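Only one chain is shown below, in structure tokens, and it's the form predicted alone.
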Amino acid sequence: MTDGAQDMGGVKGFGKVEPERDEPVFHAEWEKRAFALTLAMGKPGGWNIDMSRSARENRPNAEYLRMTYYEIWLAGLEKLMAERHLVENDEIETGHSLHKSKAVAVLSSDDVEKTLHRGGPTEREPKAPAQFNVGDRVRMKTTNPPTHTRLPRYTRGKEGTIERVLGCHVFPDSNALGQGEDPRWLYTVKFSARELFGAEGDPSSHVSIDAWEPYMEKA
């Protein structure tokens, strides 16, 4: 979803980001299991990385903000599995198997590392030349799609400069909907902090993002 709590960059009123010093990969044993289940169920489920991200991010704002990182992962997994009838809603509610089990493909221990790296590379052969070059000024489109997007809210309508042309890559907006990879050109775009955040922005600071071609237009 767009404009949800997962896209809080530059939003006022939430305080500073306070990194946890020496933060562990997992804070509890159940988080390891949530991660393992998400990885394992991708094999029978057949979803891609953008579908997974969309399932985690497409939550009511209050729910998203009160959940921990792996609680969000688990909720996303439940959604993906329920959509494919790998589990039913009453089984999620009770925490028990209530229906006839289904035969599914199983992720073997030998395939774990390969599966972890399945999301890359995402570069594809271009079908058309890039519309922009390094040094071009571009404006990010002001768009509010009701579905998954990787265009940060705080950059919409803002002008920046193309820093790098990164090749043609899987377009997450279509991939998350199961509409195919639809590869599009990807760029690194550099913005001044003042352009993004107004007078409160540090005049000596810049922010760079990677953004797909459909997200921008010539400034």
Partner chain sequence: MSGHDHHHHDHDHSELSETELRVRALETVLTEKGYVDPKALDLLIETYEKKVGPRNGARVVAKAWADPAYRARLLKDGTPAIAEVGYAGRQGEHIVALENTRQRHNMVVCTLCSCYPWPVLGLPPVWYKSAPYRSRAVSDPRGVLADFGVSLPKDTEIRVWDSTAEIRYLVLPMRPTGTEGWSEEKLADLVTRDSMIGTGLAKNPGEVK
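Numbering follows the first chain given and starts at 1. For clarity, a rigid core is taken as the largest C-alpha set superposing within 1.5 Å between two forms. Note that the coordinates shown come from a computational prediction; the quantities given were computed from them, not determined experimentally.
Although not depicted, the form predicted together with the partner chain is the subject of the following passage.
Undergrad: Please tell me whether any heavy atom belonging to residue 77 falls inside 4.5 Å of a heavy atom of the partner chain, as the geometry stands in the model of the complex.
TA: Yes, residue 77 lies within 4.5 Å of the partner chain in the model of the complex.
Undergrad: Can residue 55 be called a contact residue for the partner chain in the model of the complex at 4.5 Å between heavy atoms?
TA: No, residue 55 is distant from the partner.
Undergrad: Does residue 133 make contact with the partner chain in the model of the complex, using a 4.5 Å heavy atom cut-off?
TA: Taking the distances in the model of the complex, the answer for residue 133 is no, it never comes within 4.5 Å of the partner chain.
Undergrad: Whether residue 125 contacts the partner chain in the model of the complex should be assessed with a 4.5 Å heavy atom distance threshold; does it?
TA: The answer is no: residue 125 has no heavy atom within 4.5 Å of the partner chain.
Undergrad: Run the contact test on 82, 138 and 140 with a 4.5 Å heavy atom cut-off to the partner chain in the model of the complex and return yes or no.
TA: Not one of the three qualifies.
Undergrad: Under the 4.5 Å heavy atom criterion, name the residues of 152-169 that approach the partner chain in the model of the complex, in sequence order.
TA: Going through 152-169 in order - heavy atoms within 4.5 Å of the partner chain in the model of the complex - the hits are 152, 154, 163, 164, 166, 169.
Undergrad: Indicate whether residue 17 shows a C-alpha shift of 2 Å or more between the shown form and the other one, with the rigid core used for the fit.
TA: Result for residue 17: yes, a 2 Å-plus shift.
Undergrad: Relative to what we see here, could you say if residue 180 and residue 102 have their Cα atoms closer or farther apart in the model of the complex, with a change of 3 Å or more?
TA: They are closer; the C-alpha distance drops by 3 Å or more in the model of the complex.
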